[in-house]
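First, one chain by itself in structure tokens, the form predicted alone.
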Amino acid sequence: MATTRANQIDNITPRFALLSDDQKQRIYLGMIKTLNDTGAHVHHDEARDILEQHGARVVGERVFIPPQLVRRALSTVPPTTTLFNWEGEESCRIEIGRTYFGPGPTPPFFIDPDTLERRKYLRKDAAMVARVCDALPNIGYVDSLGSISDVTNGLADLYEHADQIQNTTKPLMSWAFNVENCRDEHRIGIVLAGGEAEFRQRPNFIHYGEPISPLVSDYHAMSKCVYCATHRIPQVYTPCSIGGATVPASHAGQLVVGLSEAMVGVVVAQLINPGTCVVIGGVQSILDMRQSIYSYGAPELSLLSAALTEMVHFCGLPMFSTSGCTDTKTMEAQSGMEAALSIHAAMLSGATFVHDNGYTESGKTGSIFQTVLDDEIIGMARAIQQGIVVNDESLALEQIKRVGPGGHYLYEDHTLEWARRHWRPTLMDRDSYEDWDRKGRPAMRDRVVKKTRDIIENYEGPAARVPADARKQIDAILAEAEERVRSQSRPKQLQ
């Protein structure tokens, strides 16, 4: 007879916690006090006017945001937002408790898939990165891993967006130099969604904007924030805080400033359009004072990112975090160690979007090989994150009794069922010595290169399914952008 068990917490996802309730409350109140007493520079007339109309004190470009505005904004950010691909299918849900890993944008350099040498990032790389990410089972969203160098200056972001959105059905995270390019990316999203109303119902990308640390919402970041809020485009508003440089060297001080920097965007977006999706968080690490680099492999990146995730969740918001990155220049033991630690921390902290998987050289160089390696690590971390199921079936008491002492479980139906749930590697070496020797003794680097090149050569992706009319409209948007940039660069007397 089946029994009913009440008052249980059923198989919750394992999480670790770094901050006590008292610590979270003190950091939160530190953010409230910072915005109220220190304020932030907001280099955007409309945003300052909106803030002032709702009770903020404005002195020049500095805005002092009172606690009630922060609390009101936090109360209207939606608990869940759905993203769709351009074919109209749900691709992800943005909410606390769901985690998606992906690359990051803007490194100027890239590891060439053929030569394995460092070079500038090219337009052809954007579509290739999107296709590889589309094929990787543990990469949950797509970003570029670089900034295109071989297109018109000022349009790298737009070409990236146009090429990547057509080469993946996973969520796309886009960025833009300015509000004009952000508007054009929105136009491309509308084309692929089938219209503006359809895009509002089924947004097919999320926009990534970044204020300047410390406590500066520059014109470009805020203009894009305002545009996205006005048009209800899901957005990330998140700083890159450098411990000991742009924010205090103390971790608690860094969390206060980083949270305050992002909160400005939350407040403005919710005042413009209550209920619009805003994700906050950001890259949180330290300045290595000896080398003068912003360390992407430091243990502090994992520590601070996980702690900020707890703070963002404390505020009731989804978190934009960082992992899978390294300070080293090539795929080696260091890149695996640093990536594994940050991925594991991001997974168990419960961040929502986790970017920069594939960053090397402290964020200067993107490597699709590192992304492929990260995909394997993410799979391992997710197996741990899934926890242990404890119920009548998984306890296996009947099987234990039937097999008894000295037996084995190889022929049990229960074994076949549950063994299918064990994580299976695609890159990790579990061969016997003889099999490994027979295969030519491949190292991890060899296996990653082989897998990556196989995907590049054989995975077509969804680009062929993009309707011809949509491709034509996207090309027209790119041509208009080219003309706009040419017009802006002409001497005034010739215009």
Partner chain sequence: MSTSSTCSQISEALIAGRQEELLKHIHSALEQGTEAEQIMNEGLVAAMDAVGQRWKAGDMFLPEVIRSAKAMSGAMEIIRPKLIESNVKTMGTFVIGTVLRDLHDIGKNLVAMMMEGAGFKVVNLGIDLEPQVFVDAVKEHKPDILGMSALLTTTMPQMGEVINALKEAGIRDQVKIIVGGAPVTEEFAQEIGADVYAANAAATVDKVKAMMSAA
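All figures in this text were calculated on a predicted structure; none of them were measured in a lab. Numbering follows the first chain given and starts at 1.
Not pictured, yet referred to below: the form predicted together with its partner chain.
K.L.:
Name the stretch: of 69-77, 245-253, 409-417, 126-134, exactly one has residues whose heavy atoms fall within 4.5 Å of its partner chain in the predicted complex.
P.N.:
Among the candidates, contact is made by 245-253.
K.L.:
Using heavy atoms only and a 4.5 Å cut-off, decide whether all three of F109, F177 and M289 touch its partner chain in the predicted complex.
P.N.:
Yes, each of F109, F177 and M289 comes within 4.5 Å of its partner chain in the predicted complex.
K.L.:
P113: heavy atom within 4.5 Å of its partner chain in the predicted complex?
P.N.:
Close contact is absent here: in the predicted complex, P113 is far from its partner chain, nothing within 4.5 Å, heavy atoms only.
K.L.:
Is I212 one of the residues lying within 4.5 Å of its partner chain in the predicted complex, judged by heavy atom distances?
P.N.:
Yes, contact at 4.5 Å.
K.L.:
Using the partner position in the predicted complex, report whether E196 sits within 4.5 Å of its partner chain, counting heavy atoms only.
P.N.:
Flag for E196 set to no.
K.L.:
Consider D218 of the chain shown here, and say whether it contacts its partner chain in the predicted complex, taking contact as heavy atoms within 4.5 Å.
P.N.:
Yes, D218 is a contact residue.
K.L.:
With its partner chain left out of view, choose which of S147, T169, S223, S295 has a non-hydrogen atom within 4.5 angstroms of it in the predicted complex.
P.N.:
Here the answer is residue option S147.
K.L.:
Using a 4.5 Å heavy atom cut-off, which residue among G379, P234, G140, G154 comes into contact with its partner chain in the predicted complex?
P.N.:
For this set of options, the contacting one is G154.
K.L.:
If you look in the predicted complex, which residues in 359-381 sit within 4.5 Å of its partner chain (heavy atoms)?
P.N.:
Just K364.
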